[in-house]
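In structure tokens, the next block holds one chain alone, the form predicted alone.
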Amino acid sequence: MNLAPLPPPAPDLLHSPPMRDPKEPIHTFADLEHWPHAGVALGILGHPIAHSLSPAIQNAALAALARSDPRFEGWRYFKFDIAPAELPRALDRLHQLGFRGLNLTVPHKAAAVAHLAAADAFVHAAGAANTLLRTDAGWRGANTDGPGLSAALRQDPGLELAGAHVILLGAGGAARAAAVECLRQHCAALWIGNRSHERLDALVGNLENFAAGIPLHSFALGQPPSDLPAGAILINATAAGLDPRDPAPVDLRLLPRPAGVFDMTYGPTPTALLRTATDLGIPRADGVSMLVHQGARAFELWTGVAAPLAVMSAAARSALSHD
């Protein structure tokens, strides 16, 4: 499962184009009955979806690309609130409409796998897909979350998964990708905590063959074990934090001091987990950089062109500041 590094941004795409309104309209399954966009369409499916910065990021990148390549002038990225029960019909309809590609977020990453015509090795290992590419036979699934996580950790807070003890919170689609990436990068050991024992046990069982001797441990989020390692990288892959009023998934004060805290969620204000990390003086980062890096890989899959990382990062921060 060799994932190629991102090529450098093209020189003429390094400066951000004028930003579109980050408050992208939210579409629903009903809107697909009479879809109005005549150009090439991309989109993100989630439930909820209002918080997503992906449309602002991807549309800024597409606008930058169109300045130097008129083939991309009609490309546009849309936001869809799709309930879990609507997902199979929505995927079928979007394929019929000729959408070129899709992103998937909570709660669709794992559920979509059963509806794919093909998938890459990372999807098979993680049991989750976050990026889809249209083919004549159906949707081909990919997972850019894992490589996006590694790139984001290197960028901020400057940590490497290789050789590190990792404490991962969650067992959903995002956690599955994070777990596979930790093992792919040869972490020293992986501890996974979740509230649902059933989902946690299923994830650990799926990872055992992939772990290749790397120790795997599981625990209940409400009862963290006393032997968690100090100096670990702590990664929150739960949905706690999507709402700024959410409590932290764990109390950092009750855990051995980690080397850094990475919260996959993001928003205009820090999550409770990141606020505690700040109070304790622990290096921490939210999920915006991961969103940009995984989005860049999806962008390249859809367009075949190097992603304008600087443009995408500026768009993400601009959208957050206007949230």
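Note that residue numbering follows the sequence shown and begins at 1. Predicted, not measured: the structure shown is a model, and the values here were computed from it.
Separately, the form predicted in complex with a small molecule exists; it is not shown, and the next lines address it.
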property	result
Contact stretch among 62 to 70, 39 to 47, 286 to 294, 272 to 280 - heavy atom within 4.5 Å of the small molecule in the predicted bound form	286 to 294
Partner proximity in the predicted bound form: I214 to the small molecule, non-hydrogen atom cutoff 4.5 Å	no
Partner proximity in the predicted bound form: R93 to the small molecule, non-hydrogen atom cutoff 4.5 Å	no
In the predicted bound form, T238 touching the small molecule (heavy atom, 4.5 Å)	yes
is_contact(Q185, the small molecule) in the predicted bound form, heavy atom dist at most 4.5 Å	no
In the predicted bound form, the one of A117, L242, A121, A189 near the small molecule [non-hydrogen atom within 4.5 angstroms]	L242
Contact residue in the predicted bound form, from R76, R154, R195, R140 (heavy atom within 4.5 Å of the small molecule)	R195
